[in-house]
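Given next, in structure tokens, is a single chain: the form predicted alone.
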Amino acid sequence: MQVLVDAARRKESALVAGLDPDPGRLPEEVSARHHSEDRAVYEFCRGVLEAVVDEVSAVKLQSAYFERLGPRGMEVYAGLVRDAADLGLPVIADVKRGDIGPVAAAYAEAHLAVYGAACATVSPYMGDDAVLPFLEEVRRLEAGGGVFVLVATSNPSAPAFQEATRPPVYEVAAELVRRLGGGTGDYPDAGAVVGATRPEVGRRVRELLPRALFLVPGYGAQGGDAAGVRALLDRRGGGVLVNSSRGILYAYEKSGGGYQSAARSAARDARDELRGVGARL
């Protein structure tokens, strides 16, 4: 996780910009310049990267939005990973993969070694087999990356599954993160995805994982707020990277201005709000 931690400290920002590009919501001035969705998506996302580079510590690419565009969409995905690296922004591959060992190893190699993301999100439903290959790839690459395991997610139906048993599934997932995490950085190389929309659960996960780095979705468009983030902070007031996707990408829809200036303004406001609750690394 050290590459994320170093970037967050350098920028004094706990904010991550999520790239979830919907071709149907691209600015007209971008769409009009291209005959193919993949090229329009690339221009839009590249423009957002350039706009927010000074406000965010990292970017999170949701692979599904690029996979839906076919082979050219994955070329866009690869290009944006490279572009982000050129701008000094580590990439979190939001792939949420979870499969048996050999398959998980192939996913890990694809996104961490071939595409070059620093970190990836992983589903723990299949246990250690689904997570360890990603950690092994991170450790093999020795690039300061990490793995974020889905623990307590921000989607509305998550409690029906993650809180249905005793102990709750999210506690079992948190224990897996604690047990598998290692490395020599400031945080273990296994972190947890913990949503800002469930602060009471987040507090419990923080009790179970006092040293872990949390990737926090649900902030902004999904209803999570600064108070929800505050519940996830560690004893030093840090330990979180907070993602905002739609709130940054589509800020121009509310502002009426250019998409780059709107994205920059939205990212700056979110960064400053997170600083206000003490979120730092």
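What you see is a predicted model; the values in this text were computed from it and never measured. Numbering starts at 1 and follows the sequence shown.
Not on display, but discussed next: the form predicted in complex with another copy of the chain.
At a distance threshold of 4.5 angstroms between non-hydrogen atoms, Tyr252 is out of contact with another copy of the chain in the predicted complex. Another copy of the chain is not shown here, and in the predicted complex it never comes within 4.5 Å of any heavy atom of Val81. Contact between Pro167 and another copy of the chain in the predicted complex is found at the 4.5 Å heavy atom cutoff.
When another copy of the chain is considered in the predicted complex, Glu75 lines it closely, a heavy atom lying within 4.5 Å. Judged by heavy atoms within 4.5 Å of another copy of the chain in the predicted complex, the contact stretch among the candidates 139-147, 207-215, 117-125, 183-191 is 117-125. If you check another copy of the chain in the predicted complex, you find no heavy atom from any of Gly47, Asp234 and Val277 within 4.5 Å. Only one of Asp54, Asp225, Glu29, Glu67 comes within 4.5 Å of another copy of the chain in the predicted complex through a heavy atom, and that residue is Glu67.
Contacts with another copy of the chain in the predicted complex, taken as any heavy atom within 4.5 Å, map within 77-114 to Asp94, Val95, Lys96, Arg97, Gly98, Asp99, Ile100, Pro102, Val103, Ala106, Tyr107, Glu109, Ala110, His111, Val114.
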